[in-house]
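To begin, one chain is listed below as structure tokens, in the form predicted alone.
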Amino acid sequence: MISTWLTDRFDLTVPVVSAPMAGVSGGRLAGAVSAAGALGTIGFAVGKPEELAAEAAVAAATGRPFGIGLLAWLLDHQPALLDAALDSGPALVSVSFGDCAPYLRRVRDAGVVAVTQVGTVDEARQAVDAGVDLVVARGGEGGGHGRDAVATLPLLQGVLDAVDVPVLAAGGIATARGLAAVLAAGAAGAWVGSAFTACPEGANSDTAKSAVVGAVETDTLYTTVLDLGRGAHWPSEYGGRAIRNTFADTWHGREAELESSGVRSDEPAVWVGQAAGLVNTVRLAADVVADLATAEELLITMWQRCTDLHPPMR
């Protein structure tokens, strides 16, 4: 079993956290991931505190640790969501995308691991100054919302050198090879989203799952027009990566025109990263976790090859 800060802190057998994807990562998916030996999280955006509590109860029923992911810019308008999250007994709470500092302090004061996602090295430093226990270095190839400034590997290397707290890598990691790569670089584990978007336990539609399975790595687009087209008021610095659709192809690059036109999209967005090309079938969350767990074998094999080629000096 691979042992890292992440596995030791949460009693995991696999150093993976399933990303909190609103509309996908409900209590059922989070619970299935946690039961399989990783750390499942619930992604919650707009909704009532009691709805979040109900999802958390489903995840908690497994008896294993779970996490909750919230959006800082929405907590400014719905502070009761953080109360509901902390009252539900999570092991980890992620507050990302916006001024997370005041919320992270409350998470830590409750004895819960406080996490935020960052898209630049400077953001990572700011997160540590704000008191996070754990930083998620999210590269631009990741699915859903975030920055598109830096890709995962250069961001991870920079963040690992810049901060003194554990770091998880996010963006483009969907198989054991990706997990092995970021562990070898020094990450405490991976924050994985796209690999779980085609799981039957996910709350997304079967149509969305099929779209992910059918996508290749070049089928996604990072844009703000999908939010503009559904009237979602994300901060302008955070676009989102999703499978290209007709609306995105029509309006991408014409954001100002779209905003002034008031046109709305009737095409649902399928938020997923470039790792969609590695998701080729609908699989149970436990099977995804089991595949990621084979990263240990890959690391051992590569180490053996290196030592065979270059035996230690004696």
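For every residue, the number given is its place in the sequence shown, counted from 1. Predicted model, so just to flag it, every value in this text is computed and none were measured.
Keep in mind that the form predicted in complex with a small molecule is not shown, yet the notes after this line are about it.
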Notebook entry, point to check: Pick from 159, 192, 187, 199: which residue has any heavy atom within 4.5 angstroms of the small molecule in the model of the complex?
Noted result: 192
Check: Using a 4.5 Å cut on heavy atoms, which of 170, 127, 225, 179 is close to the small molecule in the model of the complex?
Finding: 170
Next item on the list: Report the stretch among 179-187, 160-168, 75-83, 135-143 that approaches the small molecule in the model of the complex to within 4.5 Å, counting heavy atoms only.
Entry: 135-143
Item checked: All of 7, 65 and 113 with a heavy atom within 4.5 Å of the small molecule in the model of the complex -> no
Check: Looking at the partner-bound form in the model of the complex, is residue 15 within 4.5 Å of the small molecule by any heavy atom?
Finding: no
Next item on the list: Answer for residue 238 alone: is it within 4.5 Å of the small molecule in the model of the complex, judged on heavy atom distances?
Entry: no
Notebook entry, point to check: Applying a 4.5 Å heavy atom distance criterion, does residue 21 contact the small molecule in the model of the complex?
Noted result: yes
Next item on the list: Evaluate residue 96 for contact with the small molecule in the model of the complex, applying a 4.5 angstroms cut-off between non-hydrogen atoms, and reply yes or no.
Entry: yes
